[in-house]
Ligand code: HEC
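What follows is a single chain, given as structure tokens, in the form predicted alone.
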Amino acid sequence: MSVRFPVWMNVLPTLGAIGGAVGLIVVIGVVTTYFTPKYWEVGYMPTQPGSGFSHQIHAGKLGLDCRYCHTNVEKSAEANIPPVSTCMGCHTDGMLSPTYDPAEKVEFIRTAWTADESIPWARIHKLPDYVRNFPHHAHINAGVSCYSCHGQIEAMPVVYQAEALSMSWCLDCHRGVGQAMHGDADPSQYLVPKDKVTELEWVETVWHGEGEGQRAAASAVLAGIRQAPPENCGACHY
């Protein structure tokens, strides 16, 4: 009686199982690495209208406080985009020197002002629709610096997304503050004194640069928070 299948085919199930396992590991690795906001969204830098807005010049070189333009961050969930009238407060003809205010670079601002139109800035930091609006006022008033979410924006000629803004990224901070309130973690990496939240260079070089010396001050910041940040689903999701 002839053999229906050659003997060497007996190893095929084993090879198939090994190949399937390897393939599954590769798929998991690819999804974990590339199907994430950290890979696709960090570094996002859309083209802005006109010559754009240089935070490096305005917030860095000229020293404008974040709240001069984003006036509602301490009292509203939204960090409002400033109206054209705010820009024109400085860019009215003759107010600034040609070094800071070259006409060709700010003409799009004056054009929008003359036409009574808004400047269509491209939004950079955007959470999914199933997430509640990020409450800026709650975080600012708790001592979360602009630096923690937006990076060293004072050094950015063109703003880009510096952090993933993913759920795990948010929870890392919420859990860290909660642990710090119970004495299980160093709170200095999460919160700064409330009068320093918009001083990004200070936060980067002093607070994070000298973390060991900030623990007592950070503990004082924690003492002003009534409860730990929420970690339940309903806090952020509808």
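One-based numbering along the sequence shown. Here the structure is a predicted model, which is why all the values come from computation and not from measurement.
Beyond what is shown, the protein has a form predicted together with the ligand; the following relates to that form.
Contact check for W202: every heavy atom lies farther than 4.5 Å from the ligand in the predicted complex.
Of the heavy atoms in A112, none are within 4.5 Å of the ligand in the predicted complex. Not displayed here, the ligand is kept clear of P193 by more than 4.5 Å at the level of heavy atoms in the predicted complex. Using a 4.5 Å cutoff between non-hydrogen atoms, E117 does not count as a contact of the ligand in the predicted complex. Using a 4.5 Å cut-off on any heavy atom, the residues of 132-150 that reach the ligand in the predicted complex are, in sequence order, F134, P135, H136, A138, H139, I140, A142, V144, S145, C146, S148, C149, H150.
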